[in-house]
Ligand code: COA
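Below you'll find only one chain, the form predicted on its own, shown as structure tokens.
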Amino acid sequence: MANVVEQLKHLFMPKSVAVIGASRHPGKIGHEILRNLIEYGFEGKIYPINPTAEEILGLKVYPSILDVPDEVDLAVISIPAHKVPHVLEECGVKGVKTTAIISSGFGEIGNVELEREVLDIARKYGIRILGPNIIGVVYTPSKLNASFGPRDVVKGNIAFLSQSGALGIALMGWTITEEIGLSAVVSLGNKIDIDDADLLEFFYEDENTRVITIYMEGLRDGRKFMKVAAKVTKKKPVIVLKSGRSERGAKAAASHTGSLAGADRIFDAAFKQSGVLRAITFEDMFDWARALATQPPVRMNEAVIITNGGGAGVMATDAAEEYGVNLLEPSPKLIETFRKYMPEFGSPKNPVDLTGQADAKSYYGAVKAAFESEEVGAIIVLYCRTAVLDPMDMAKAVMDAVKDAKEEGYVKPIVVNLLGGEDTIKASKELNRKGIPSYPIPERAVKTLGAMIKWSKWAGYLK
């Protein structure tokens, strides 16, 4: 494992990057990769390689990688596929450690011989290859954006690996809009060398990554993946969105990246055996990742729902049964405690209905009481927009309760749902910025807690 980790450090933490195929023309892939490297703030050395240019974006250009005066840790290759073997040979002579091959036109279109030739050259020189047929690689702790995806990736502790390039670009943009912080974005493409398992090994050791998410179309070595995943998931959650669940979808995946998609039920069983959480939608994958990246493990599957709307409470109760969230039967003592924070016609049982009259003090008191109670293992907070309580005031009450409880030594997982219009969306974003996962509907909050419970059981936190 250490060997793979050391090798991949040159990919994620390079001291120098060469862009082979750097272009003078905006809109060209070789130009956008170079621009992203510069503008995202990479602090190492950047070497554009182009035999017909002298300067691009203010940087001196070299005709060949062999002309670069210093060592090169990572070469990003964006040239026509048939030219890749020659350039890779030069990379080998130069002593380049890792390459990210952006170029398409390999196994995904049936050009397996060219793929084999490239891999043989890489193995001859001990070069690790990411790709080919990828959008690049991003590692936010190194301020490395060696991709032609969106530039301003939000720094965080979730690694996102994608076998699809276009989907990877789209989701990079989506995570920026949703303010989901990423440690890495890795485009895998055809996976002729570096694969999902290798990357799991790296992120297992990576102190900047807390959760690993993967969009997967297929695997070349299922046994290797299962073996590594079973180890990694005991320490860090791994969430996989595996496409190709239908027969036609599997065929589409095979034609897209040349992957063997395989029977879906086999993947399903493999994920369960290795502790991988399987998401069915991107929404699920990032909902769960956001919570698992910010919340402590679930140590007791006894959840309490705190709400100002009876209907939302019922919806959450139904979802709890569906997603394996056990709702607490509160003791008379806890019922009396909750009663303090509601009018006479409120319900102090579970769901704890503070009623539509609930104000910020009601939410603060009820949430704080849930943290302090030894009966409660996890907290679900729901809010329906009312004229009585501004959503930002409600969000602040929850944030204060979490902060004060933490200072007193009470640490438990909490998920929140704010239901309403534009001002509730702003309040929800504020909660997320403070590391309190917030969702637009009750079911997403409860489903997320269900995923957290699954992982906590697998990792041994929850008996």
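Residue positions are given as counts along the sequence shown, with the first one as 1. Since we're looking at a predicted model, the values are computed, not measured.
One more form of this protein should be noted, the form predicted together with the ligand, which is absent from this view; the next part is about it.
Stretch-level contact analysis of 132-140, 206-214, 325-333, 118-126 against the ligand in the predicted complex, using heavy atoms and a 4.5 Å limit, identifies 132-140. Taking a 4.5 Å heavy atom cutoff to the ligand in the predicted complex, the contact residue among K361, K272, K227, K83 is K83.
This chain appears without its partner; in the predicted complex, the one residue of L292, I102, A184, A366 with a heavy atom within 4.5 Å of the ligand is I102. Looking at N350, you'd find every heavy atom of it more than 4.5 angstroms from the ligand in the predicted complex. Taking the partner from elsewhere, V93 is found to have every heavy atom lying beyond 4.5 Å of the ligand in the predicted complex. Within this chain, G149 is remote from the site of the ligand in the predicted complex, having no heavy atom within 4.5 Å.
Residue contact with the ligand in the predicted complex: G450 places no heavy atom within 4.5 Å of it. Counting a residue when any of its non-hydrogen atoms is within 4.5 Å of the ligand in the predicted complex, the hits in 162-180 run G165, A166.
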